[in-house]
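Here are two versions of the same chain, shown separately as structure tokens and labelled structure 1 and structure 2.
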Structure 1
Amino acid sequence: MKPTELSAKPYLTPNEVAAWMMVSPITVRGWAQKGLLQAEVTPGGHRRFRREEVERFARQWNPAGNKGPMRILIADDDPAVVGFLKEWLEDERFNTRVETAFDGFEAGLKVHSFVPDVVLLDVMMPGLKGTEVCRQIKQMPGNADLRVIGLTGHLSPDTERALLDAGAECCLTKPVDMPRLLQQLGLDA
């Protein structure tokens, strides 16, 4: 089932929640039994999860089980840009955890598995363009509030408008102005 189809359903089965969160149905049942994910029980004894509850849980769920560092996903096809940003953002001054993706498809997978707080997204990648990746990420259940910051070496008013319309909060130019990026991320204090 596509994320847009899941977002239209008021209740989800344990299997649908598991597919969405990329875990097994047994894990979903465990979350429900521990009270981490609220479930309703049908007259037949089956668990059903309200979509809004699953979205809340997805925003808060952290595979490491803590509320630790800011989780940043860098999605860019240029290894030099990725390496520079990763090294800079993993500096010990910042409480961050950084993961990388080198194309739009990998970025979509990492949004599920890494559960970032913010995605730094290259606008011009091979295959899926950054605007389409942003749109798809934002349409995934539970990701409407996920922060996306666009990065491009060729900023034009049309490019910026398209990315903002897709759901990004802003678009920065490359080479990246690191003080501005840190300010945007809230790491400049």
Structure 2
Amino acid sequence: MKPTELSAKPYLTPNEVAAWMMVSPITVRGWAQKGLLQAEVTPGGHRRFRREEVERFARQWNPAGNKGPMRILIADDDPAVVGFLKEWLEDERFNTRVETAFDGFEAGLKVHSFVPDVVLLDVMMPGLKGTEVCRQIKQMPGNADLRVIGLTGHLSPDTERALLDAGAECCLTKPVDMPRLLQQLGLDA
């Protein structure tokens, strides 16, 4: 029997995480205790880390020197809009990773699990206030650099100002002018 098919196990021990992150096991323990890194617990009280969670954590603590694909989260309740944007943005010419959210809850979850660089946010999603969402994102420690681009059908000067005040980078109208969006994202180079 092969003792270590490390890539096969769906979970990692603290030691394995420590080795991967090039830190001491004690540090990993600290992360877990502070809730920064989510852990499962064996009946005996030892921690086990799911691979996905470790990867998420690694991404989160990385963005300092980040290279790699631009991570884009599209949050809109209209599947047509989402599909359209996703189609454009996943073009092979760009170096992007695209994730979608069709309601506010999913968007909130994925801000943490996907750790996007940019959020394309429908500011008129049912049950949500775009400005509030924007403010909440920016308010979270570590998310200050997360870019937010608002999308809306009817853009009044008031709502736009409110959005920008809340920390949004800009606000575009639907239907989306893709060249404009690509330029804003910096994908037109």
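These numbers come from a predicted model, not from an experiment. If you superpose the two forms and keep the largest set of C-alpha atoms that fall within 1.5 Å, you have the rigid core. Here, residue number means position along structure 1's sequence, counting from 1.
The form predicted alone corresponds to structure 1, not structure 2. After superposing the rigid core, the Cα of P175 is displaced by less than 2 Å between structure 1 and structure 2.
Once both forms are fitted on their core, the CA shift for E160 between structure 1 and structure 2 remains under 2 Å.
Once the cores line up, the CA of R51 ends up 2 angstroms or more apart between structure 1 and structure 2. Taking the core as reference, the Cα of W31 moves 7.2 angstrom between structure 1 and structure 2.
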